[in-house]
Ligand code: HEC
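Consider the single chain below, provided in structure tokens and representing the form predicted alone.
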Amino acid sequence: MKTYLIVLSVVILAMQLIRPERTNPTADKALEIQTDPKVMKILKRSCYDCHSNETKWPVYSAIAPFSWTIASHVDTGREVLNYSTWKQLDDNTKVKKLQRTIQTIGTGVMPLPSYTWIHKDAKLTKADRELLHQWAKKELGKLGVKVF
């Protein structure tokens, strides 16, 4: 048992040497999504940690293996949708992102349960989901897409 604990300790310590990048690219406010303050409040509370260049990296995000998972989620989130660079997107891409937002918010896929398990305030209420749904529909309308 003692040998097992020593080996486990060495493995855990060695894991700490594999450090993923935990940075925030420079966020140019001129490129950030601009919308209703109520919607922005929800986006910042529930989406921005993974879908912007303004990630708040908690202490545990520096500890392997959590660091690997969290960095991977943030990288993927930014790749899929980054509100910090919204204004750089062409209209067709914005349409796809808004349609996907309606789908993932409506089905409860986002925010991820693994995220809301720790970040209780990030959970979306029914009212939050409805406000985001209406906002996305309105934005789609501005882009010439009819949504029913």
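Throughout, we count residues from 1 along the sequence that is shown. As the structure is a computational prediction, the values presented were derived from the model and not from experiment.
What comes next is about the form predicted in complex with heme C, which is not displayed.
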Next on the checklist: Test of understanding: in the predicted complex, would Ser61 fall inside 4.5 Å of heme C by heavy atoms?
Outcome noted: no
Checklist entry - Would Cys47 count as a contact of heme C in the predicted complex, using a 4.5 angstroms cut-off between non-hydrogen atoms? => result yes
Checklist entry - in the predicted complex, does Thr35 have a heavy atom within 4.5 Å of heme C? => result no
Item to check | is_contact(Asn53, heme C) in the predicted complex, heavy atom dist at most 4.5 Å | outcome: no
Checklist outcome for this item: Exactly one of Val95, Ala27, Val80, Leu89 comes within 4.5 Å of heme C in the predicted complex through a heavy atom, and that residue is Val80
Checklist entry - Though the partner is not shown here, which residues of 107-127 have a heavy atom within 4.5 Å of heme C in the predicted complex? => result Met110, Pro111, Leu112, Tyr115, Leu124
